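Shown next as structure tokens: one chain only, the form predicted on its own.
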């Protein structure tokens, strides 16, 4: 249930994001989900890719600061209140969300979560019949 996510630290300057996507694209690595948070001096790109270990190696070799973090991804209905219900469950279970991002396609939303207690979060969600996306399903892209 654990998914490896890259956290890429980028200076806020023109072309830095393009450099990362060039390197990953040239290596045949697909971006499945990502978010970018920025401040005045730098940004953090959190991304789930088809081959996280290879992506980390390629970026690090080019001098780009990058780390791997475990996250989880759950699938929930793309309906009003569904996310709130999940967050209430986590709060009641004493689990804090460090950050999260999501994307929705039709009737379902995929929610990537970095909780403070990852194993407890997985157990709580599974006990309450949430569907967690397996890493292999998230990384499923294969170059043809």
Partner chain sequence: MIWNETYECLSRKEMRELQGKRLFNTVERVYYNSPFYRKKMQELGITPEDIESVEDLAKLPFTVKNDLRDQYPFGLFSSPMSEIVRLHASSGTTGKPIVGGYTRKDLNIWSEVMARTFSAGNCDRGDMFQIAYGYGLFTGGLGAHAGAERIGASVIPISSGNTEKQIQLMTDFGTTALCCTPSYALYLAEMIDKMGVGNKLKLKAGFFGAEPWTEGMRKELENKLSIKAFDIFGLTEIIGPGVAYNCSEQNGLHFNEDHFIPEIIDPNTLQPLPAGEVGELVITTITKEGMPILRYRTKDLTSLNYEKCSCGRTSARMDKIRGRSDDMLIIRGINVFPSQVESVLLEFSEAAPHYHLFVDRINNTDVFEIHVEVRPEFFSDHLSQMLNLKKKIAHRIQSVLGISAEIKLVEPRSIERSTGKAKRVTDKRNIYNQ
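Positions refer to the first chain, counted from 1. The structure displayed is predicted, hence computed values, not measured ones.
Omitted here: the form predicted in complex with the partner chain. The next part is about that form.
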For residue 11, is any heavy atom within 4.5 Å of the partner chain in the predicted bound form, or not? yes
State yes or no: in the predicted bound form, is some non-hydrogen atom of residue 81 no more than 4.5 angstroms from a non-hydrogen atom of the partner chain? no
The partner chain contact at residue 66 in the predicted bound form, heavy atom, 4.5 Å: yes
Does any heavy atom of residue 106 come within 4.5 Å of a heavy atom of the partner chain in the predicted bound form? no
Okay, which stretch from 88-96, 22-30, 54-62, 72-80 lines the partner chain in the predicted bound form, with non-hydrogen atoms inside 4.5 Å? 54-62
Check each residue of 28-59 against the partner chain in the predicted bound form and list those with a heavy atom within 4.5 Å, in sequence order. 37, 38, 39, 40, 41, 42, 44, 46
